[in-house]
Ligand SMILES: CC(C)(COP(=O)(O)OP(=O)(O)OC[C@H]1O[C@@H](n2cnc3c(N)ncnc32)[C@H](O)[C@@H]1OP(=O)(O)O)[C@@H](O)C(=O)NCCC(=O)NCCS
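Next up: a single chain in structure tokens, the form predicted alone.
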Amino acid sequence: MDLSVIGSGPRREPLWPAGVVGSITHSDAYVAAAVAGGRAYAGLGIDVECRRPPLESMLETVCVPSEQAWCLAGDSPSQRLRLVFSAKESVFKAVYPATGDWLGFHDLELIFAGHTFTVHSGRWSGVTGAHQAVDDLQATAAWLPALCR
């Protein structure tokens, strides 16, 4: 399997070889890619966001009401909002290539527990992910098991 040339689809999504799922992300200073076998996963998404500047003005755009409450309940609402934004980006990157479903921010609800999250939203309930803050970056990953196709 030759991964040396990854094409780009009409919405700038990476076009992986048959039998491979993956995701690409970048920030001003970092680039990352992740790939997995298509037998185990229908989709894989990753995202990295710089942890500054604050995003408070995007709270209602990015979050459903339960996520807004979760963001505002923490010590650092802007960092929680950035986590929600990044996690939803990862979920979108996992779901879109597998299904063609173009998800908006309000099309799914995320529930966070420790360093993991799950999607609670109709068809996509059960999609899971993980997150980690490292230095000035917020990193997230989401995966769609092959059985969810």
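Sequential numbering from 1, following the sequence displayed. It should be emphasised that the depicted structure is a prediction, and the values quoted were computed from it without experimental measurement.
This protein has a second form, the form predicted in complex with the named molecule, left out of what is shown; the following refers to that one.
Might P14 be said to contact the named molecule in the model of the complex, defining contact as any heavy atom within 4.5 Å?
Looking in the model of the complex, residue contacts with the named molecule include P14, since a heavy atom lies within 4.5 Å.
Test of understanding: in the model of the complex, would E49 fall inside 4.5 Å of the named molecule by heavy atoms?
E49 belongs to the contact set for the named molecule.
Please determine whether I24 contacts the named molecule in the model of the complex, using a 4.5 Å cut-off between heavy atoms.
Judged by the heavy-atom cut-off of 4.5 Å, I24 is in contact with the named molecule in the model of the complex.
G37 near the named molecule in the model of the complex, any heavy atom under 4.5 Å?
So G37 does not count as contacting the named molecule.
Of F92, W70, W124, Y41, which one comes within 4.5 Å of the named molecule in the model of the complex, counting heavy atoms only?
Contact residue from the list: F92.
Report yes if all three of K88, P97 and G104 come within 4.5 Å of the named molecule in the model of the complex by some heavy atom, otherwise no.
Yes, each of K88, P97 and G104 comes within 4.5 Å of the named molecule in the model of the complex.
Quick one: which residues from 28-45 get a non-hydrogen atom within 4.5 Å of the named molecule in the model of the complex?
Contacting residues: none.
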